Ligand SMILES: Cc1ncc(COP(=O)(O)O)c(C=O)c1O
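Only one chain is given next, in structure tokens, and it is the form predicted alone.
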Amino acid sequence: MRALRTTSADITPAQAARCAAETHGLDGEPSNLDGERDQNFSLLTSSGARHVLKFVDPADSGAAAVQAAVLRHIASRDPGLPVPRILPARSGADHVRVSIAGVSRELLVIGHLAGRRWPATGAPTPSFADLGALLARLDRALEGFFDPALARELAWDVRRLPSLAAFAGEIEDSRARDAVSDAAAAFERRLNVLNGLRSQAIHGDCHAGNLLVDDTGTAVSGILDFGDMIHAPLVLEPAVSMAEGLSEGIARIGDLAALIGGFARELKLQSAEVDCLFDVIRARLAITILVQAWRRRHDPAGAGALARAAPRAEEALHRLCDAGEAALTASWHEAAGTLPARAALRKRRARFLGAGAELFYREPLQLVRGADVWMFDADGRRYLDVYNNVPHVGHAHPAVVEAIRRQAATLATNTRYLHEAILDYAEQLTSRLPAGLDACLFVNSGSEANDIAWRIAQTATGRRGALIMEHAYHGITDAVTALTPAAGGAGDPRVETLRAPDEAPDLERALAALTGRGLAPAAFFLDSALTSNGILDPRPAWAAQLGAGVRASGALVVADEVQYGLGRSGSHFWGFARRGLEPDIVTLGKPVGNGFPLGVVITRRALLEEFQARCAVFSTFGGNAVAAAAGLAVLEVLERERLMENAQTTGAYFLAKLRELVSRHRAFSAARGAGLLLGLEVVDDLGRPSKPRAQRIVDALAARHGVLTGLDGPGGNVLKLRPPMTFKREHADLAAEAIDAVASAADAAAEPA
């Protein structure tokens, strides 16, 4: 790999002078200039002209021709750019081949640029914004240039980091070694995205040693050394300069936004390019450390060239990671102007929906399209949906979309008119339920369904007390908020909670507590997935015994199937059946319409008719013909595509993958659940529930890997994995690989004691 090892300086000034005289007719006494592989000399002629003699590394065949060609290209595209100009040889050639001590080399003579090297810290320095603008101007001039030699393998090309990472064991400091390994792993995951970005010829090495400033030190007056040019993603140009500024000690992390802003001012960056900056900068710093570690053992002379830069690169790498990818990337997006729409959208959202309107993820997503198990953001990035159960049979399933379109184009009205579709849907639902659950009341959501179920129970029993599971969630209406401690509804004296899972004696305690407050239970509500309890999967005898005890107390049993209904458990079409529970009322919500608003209360006809006789209940949109069409289509797709069977086989496969991760990562303590509703418990280094670590994992899965998950459980530390029912093994593999990668970083990060 070129540039890993430096080339020894074996050409003397006298030999250089002879070559310059013979090939270009130049006189004068050359003096040495810096160079890792090429040997460079400054030559002041008797006429007062100054030139640079560049003897190209013999191992870099054709490099002189490429450098000459690119300098000609730049001169034709932007004559005012402060880059060297070619001095042709006597023969008229841009470069010539010379023989020195029996070794053949290529010689290139270029004009000397006025100025001095970038000043040290503390002296006046050019604006980083101006530097960024100059780099962009250079890249604009390089557009359209290509030579096959630019595809060479060069050690300083950040895309070589995965190969160079093999030398990590030679890094002496363990903290630096771990930081480099993390950087390499993150970069390798980013590489496919990076390689898909726009690419062109770039300078690729604009560090302080290759930049000249004017006499005041405040303006860049020259860009030198085109020997490390590559054809690569454009974003590498500013990223390399940003990384080198940190490792050379001339830039602070806060200066990087100015550089990227200046670059974007001249050459607009794409949002996906800015998203890659953090990993590319980190990769370049890691390469500096790795090359130095390798050279210390294999090329001591070359190691001297990095003696100051490598320790600074280590320090910069730590500071960069401490500053955090999300915060830095947000500042770079702001500087580059790549997310003005999203930023404006957030402000507009806060204005019209209130600043407290909840958003997922540390960096909120602007999702604009869904297809099957995938969602796409405004920039076209694809996300694997492992969280949303609303699109039960997949985002935008064509059969459901067509059913909604066809009915909406025909008639959309309420249930006070006769309509076959509504009755067909009720018939299809009740046919899948135990005998006796034979009547439906339609509303718009799971919250409304639970609200009505609670009212039916109170009407039927004449009681006001309720039994729920500890940490339960049943909705947002005023009535069921009391049944939702997970959303701040705790403390209502009418409600008593049960520990989950626990045996029947806990029911006796709860009933006694209600009696002590002068209340008797009207209903027991159970989310059959026990989602907010941490996605538990107790043996059926637990729920069966609990249900029998509830019924013996005179209360009704309400099965909340919003999470687990319609085959999600894989083993049963209804979650209550998996639990061994016999409900009096079943409530359905969001998944039944695949995103179209629909909620259903299903109970015994006698119970419903008693309620109807005593309470006037009507929902304008509940069970309208369009909702019924959506619901019917969902049931048809579930059966036709055998999605319950898929939930069982894919869920078992996914759970096995998750349990393997638990065995390998200390960030996880357990994986549980069944079908396509699984939970992965996140803990700290002492094995305690850790919501902060869990939130970081969820954010990293979305930001770095395009995998959407959520959190649930009493401590908010259980990854909730609840994808559409069309989720397949290949999707489980993608999710598990992403979780594995993020968990490796979580394991490495120290958790507070």
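In case it trips you up, residue 1 is the first one in the sequence shown, and so on. These numbers were taken from a predicted model, which means no experiment stands behind them.
We do not show the form predicted together with this ligand, though everything after this point is about it.
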Query raised in the report: So in the predicted complex, does Asp527 come within 4.5 Å of this ligand, heavy atom to heavy atom?
Result: yes
Query raised in the report: Does this ligand come within 4.5 Å of any heavy atom of Ser247 in the predicted complex?
Result: no
Query raised in the report: Counting only non-hydrogen atoms and a 4.5 angstroms cut-off, does Asn533 reach this ligand in the predicted complex?
Result: no
Report task. Answer yes if any heavy atom of Arg568 is within 4.5 Å of a heavy atom of this ligand in the predicted complex; otherwise answer no. Result -> no
Query raised in the report: Out of 100-108, 623-631, 471-479, 570-578, where are the residues with a heavy atom within 4.5 Å of this ligand in the predicted complex?
Result: 471-479
Report summary line: Answer key: of Gln292, Asn594, Gln563, Thr650, within 4.5 Å of this ligand in the predicted complex (heavy atoms) is Gln563
**Report entry** Residue (of Gly227, Pro391, Pro84, Gly446) lying close to this ligand in the predicted complex, criterion heavy atoms within 4.5 Å
**Finding:** Gly446
Query raised in the report: Going by heavy atoms, what in 577-606 lies within 4.5 angstroms of this ligand in the predicted complex?
Result: Lys590
